[in-house]
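Just one chain follows, in the form predicted alone, and it is written as structure tokens.
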Amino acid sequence: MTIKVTKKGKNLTVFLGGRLDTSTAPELEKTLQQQLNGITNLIFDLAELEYISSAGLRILLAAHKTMLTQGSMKVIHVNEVVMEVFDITGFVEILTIE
């Protein structure tokens, strides 16, 4: 999995590529723990994310809960495969997806 982080002031964009699953989720979780302090606007760019498992969904949900107290979070550039997972799991009702 590829994780690229861009931080501008209180804005953080996390670009994900590849597969977000049980083996890669801990890396993303660690990155977010290091980066989220003081962030008020979090964007996940999933343009190149090919697959997301329940472990990846858990990380997104945890980030969402954190950002509810700090500011806002949105998910952008979601492909059909990942959007189908969001639909099936009900994440389309929880996350702001553009």
Partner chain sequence: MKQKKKIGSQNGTVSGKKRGPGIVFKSISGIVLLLVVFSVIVSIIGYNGFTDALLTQYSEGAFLTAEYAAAMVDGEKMDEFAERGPDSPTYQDTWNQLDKLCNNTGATFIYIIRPDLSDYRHITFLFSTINHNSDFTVFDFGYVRETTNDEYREKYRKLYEGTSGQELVLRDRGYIETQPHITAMVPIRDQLGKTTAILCVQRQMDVMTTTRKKYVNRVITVLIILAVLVIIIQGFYLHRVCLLPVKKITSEASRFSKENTAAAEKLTKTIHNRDEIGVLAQSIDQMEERIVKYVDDLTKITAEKQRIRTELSLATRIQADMLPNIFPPFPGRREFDLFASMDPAKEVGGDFYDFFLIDDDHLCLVMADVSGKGIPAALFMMASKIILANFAKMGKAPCEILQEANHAICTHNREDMFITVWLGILELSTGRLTAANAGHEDPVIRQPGQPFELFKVRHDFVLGGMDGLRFRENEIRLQPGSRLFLYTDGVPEATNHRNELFGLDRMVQALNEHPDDSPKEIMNHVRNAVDDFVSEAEQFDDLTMLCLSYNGTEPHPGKEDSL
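Keep in mind that what you see is a predicted model, and the values were worked out from it rather than measured. Residue numbers count along the first chain shown, from 1.
Although not depicted, the form predicted in complex with the partner chain is the subject of the following passage.
- Proximity of Ser54, Leu61 and Ile94 to the partner chain in the model of the complex is complete: all three residues have a non-hydrogen atom within 4.5 angstroms.
- By the criterion of a heavy atom within 4.5 Å, Thr89 is counted among the residues contacting the partner chain in the model of the complex.
- Not displayed here, the partner chain is approached by Leu68 to within 4.5 Å at the level of heavy atoms in the model of the complex.
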